[in-house]
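This document opens with one chain alone, in structure tokens, the form predicted alone.
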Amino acid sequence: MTPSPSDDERRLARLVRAHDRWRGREVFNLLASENAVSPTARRYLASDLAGRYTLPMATTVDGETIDNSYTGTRYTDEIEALANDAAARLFRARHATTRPLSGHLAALSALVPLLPPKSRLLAVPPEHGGYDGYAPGFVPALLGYSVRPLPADGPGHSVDPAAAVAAIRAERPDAVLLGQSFFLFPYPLREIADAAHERGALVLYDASHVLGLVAGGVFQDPLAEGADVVFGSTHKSFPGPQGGILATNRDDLFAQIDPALVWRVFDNAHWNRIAGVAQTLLELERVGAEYARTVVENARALGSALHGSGIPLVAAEQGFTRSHQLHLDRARLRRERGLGAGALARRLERQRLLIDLVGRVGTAEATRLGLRPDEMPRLADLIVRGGLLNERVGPDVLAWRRTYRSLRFA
């Protein structure tokens, strides 16, 4: 006899249903760090793979060399191989792995085997839009690295090629670690790579925010432009479940990276996640170019509409963005409107419009829902009315949101 669910189980079920209804049907999600997962990938996440654990690594047991400590893996092995092959094709790489559990762990998957303690890094600092994890007190401290700033002083925290080359020549790093949390424009990657390689330094490209755009060929092609390794998370502009991807064209680097994954950075790779990522990769092979192009077109159209309606954005003279992100000009917003980015985000959340509290607005999930550039003025009007003017636009947002019942590009 099956016992009745406990009160907490019933409460948990209510909370999950409420979340699915709220986030899945009742808001426009403009968070730059999130996206919508396709229905097929979601089904794979809930498959029997979710409870399986394998350890695909060559080892010796009782004098016998084996390639996996477990039996029953005939299908998980094929799923992983399919995912890795698709990732290599999509990112135009000789080698790829979908084992990393997140973008952060994908970074560690490159750093740990390739750079010994006491290595010197150059990275964009957080105060210039860089990722906090690469700041001195975080990953560098964990792995015994020193890190110096790669300047990103231009509009929208863009990197000037001459300043980057000068920093590389002055600091003589072992690796240049590219990638930002505030990421509007491509890097001058060829100049950076040439300067780094002249000094024997690696160029590691964290594409976490722009991975879906790289896959679609609209942002930049890191490996073709000189990066040695590219990696990133799979749930931002890349519209998959949370996870990580790593790719490289260099046989020598992958020969160091691949064996170092298991028992160092992680062991189990979560095979339901890999199946979901594989499905997303295969979908993007078919529709990724159109998806990525539409994401950027939507971002630029929304930027123009917001700017013209009184919400100040950075990099207006540069067309606002070439990625899925827009950045509020927080200083002007507070000076001209007496409103901080966090307060604006809280107002908008009450009106079913989600942006983050640090001033980023993203168009990836809205694009997946089916919004087009010609609809961005309508979205901007709701943001202005609900955010700047503090009007009650939630019912209008809900009515509009409910007209989008399925995902595009999925």
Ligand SMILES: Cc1ncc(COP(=O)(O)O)c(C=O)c1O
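The first residue of the shown sequence is 1; numbering continues from there. Predicted model, so just to flag it, every value in this text is computed and none were measured.
Not pictured, yet referred to below: the form predicted together with the ligand.
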property: The ligand contact at His235 in the model of the complex, heavy atom, 4.5 Å; result: yes
property: Contact label in the model of the complex: Thr73 to the ligand, heavy atom within 4.5 Å; result: no
property: Interface membership of Ser146, the ligand in the model of the complex, 4.5 Å heavy atom rule; result: no
property: Contact of Thr248 with the ligand in the model of the complex (heavy atom, 4.5 Å); result: no
property: Listed range touching the ligand, judged in the model of the complex by heavy atoms within 4.5 Å, from 190 to 198, 174 to 182, 277 to 285, 87 to 95; result: 174 to 182
property: The single option of Pro222, Gly212, Gly103, Gly303 touching the ligand in the model of the complex, heavy atom within 4.5 Å; result: Gly103
property: One residue of Trp271, Tyr291, Tyr131, Phe254 in contact with the ligand, assessed in the model of the complex (non-hydrogen atom, 4.5 angstroms); result: Tyr131
property: Partner contacts for 201 to 224, taking the ligand in the model of the complex and a 4.5 Å heavy atom cut-off; result: Asp206, Ser208, His209
